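Okay, so here's just one chain, in structure tokens, the form predicted on its own.
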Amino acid sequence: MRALVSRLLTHSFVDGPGNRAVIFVQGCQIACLYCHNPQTQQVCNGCGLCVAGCPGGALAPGAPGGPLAWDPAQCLGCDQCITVCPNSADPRALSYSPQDLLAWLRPLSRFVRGVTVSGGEPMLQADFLAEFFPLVHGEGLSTMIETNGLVEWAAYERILPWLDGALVDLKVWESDRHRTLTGMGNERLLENLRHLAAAGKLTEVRMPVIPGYSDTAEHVRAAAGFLAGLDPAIPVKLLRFRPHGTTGPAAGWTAPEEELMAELVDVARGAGLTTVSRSR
């Protein structure tokens, strides 16, 4: 079993509790209008449109119908390839076995509390996680995922015995509006939140405050009320939308003001949640 990985990060303090190593997998089943990492959405199809424009000559045709060949030694890190890609893919994603990633993780084990798998959407590679996470536990480290919650519950069940916690995005409360923003409704997400809370695996719910989609008191009150009904102590973080790094219409959206963010925190607490924070 192998995973397609977009990026490896040796330390992070924002992807779960403590200092954590982070694995960003390639591939996602939704396409959020405000996505800050659109190059992780799809898998390189080898079309070759980015090859000629690579200033370092790091890209070359791969196997027919497969991803391009990438030479890290030649890569200048300029991101020209992802800028021109019409498929929202990163041709520099690499395939790793569980043992490959364990070898990367071991030297870090004295300095991190655990590993978080993010994306893209990690649960699209649940079979890989079911092999990798027991190895992580064998090193005395914890395991977490950052997930959009939109895969079938059976995928989560495959990794549940070795999963220490999930950080889940509840992007929009109303399903139709969620579909407009992401391409999918949120019914499966809400059901998975119920299951994760019941299993004691819900480490944090992130609620982005997106202009025109999730930036009203009514929206936050409804979503917070649902979460409080699962467990009032669920940690919830309101994430302020930032246009930096976005593309398309979202690049012209305005970040919510401080006053609004503070108001929405109070609304979430008023709906019954006891542990609410917000990004700055």
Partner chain sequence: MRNPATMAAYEDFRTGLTADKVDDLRNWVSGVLRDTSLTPDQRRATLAAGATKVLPHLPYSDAAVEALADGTVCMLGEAPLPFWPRYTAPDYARLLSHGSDYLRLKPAGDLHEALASLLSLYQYSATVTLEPVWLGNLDTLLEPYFDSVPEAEARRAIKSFWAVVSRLFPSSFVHANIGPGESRVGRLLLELDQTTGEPINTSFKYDPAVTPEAFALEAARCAMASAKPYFHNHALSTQDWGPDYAIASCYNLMPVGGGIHTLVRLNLGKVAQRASSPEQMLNETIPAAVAWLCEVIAARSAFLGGESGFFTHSFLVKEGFLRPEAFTAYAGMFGLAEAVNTLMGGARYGKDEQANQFAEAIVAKVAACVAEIPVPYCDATGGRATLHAQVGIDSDAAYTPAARIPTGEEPDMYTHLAVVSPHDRWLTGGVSNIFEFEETAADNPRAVLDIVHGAFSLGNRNLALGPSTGGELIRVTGYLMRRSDLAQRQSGEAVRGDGALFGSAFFVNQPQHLHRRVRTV
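Note that the structure is a prediction, hence the values are computed from the model and not measured. Positions refer to the first chain, counted from 1.
Keep in mind the form predicted together with the partner chain is missing from the figure; the text below concerns it.
Remark: K201 does not count among the residues lining the partner chain in the predicted bound form, judged by a heavy atom distance of 4.5 Å or less. Contact annotation: R269 falls outside 4.5 Å of the partner chain in the predicted bound form, judged by heavy atom distances.
In the predicted bound form, the partner chain lies farther than 4.5 Å from every heavy atom of P256. In the predicted bound form, the partner chain sits beyond 4.5 Å of every heavy atom of L101. Proximity to the partner chain in the predicted bound form, taken as heavy atoms within 4.5 Å, picks out 107-115 from the listed stretches 122-130, 157-165, 107-115, 178-186. Of the residues in 3-26, those that come within 4.5 Å of the partner chain in the predicted bound form through at least one heavy atom are, in sequence order, T10, H11, S12, F13, V14, G16, P17, G18, N19.
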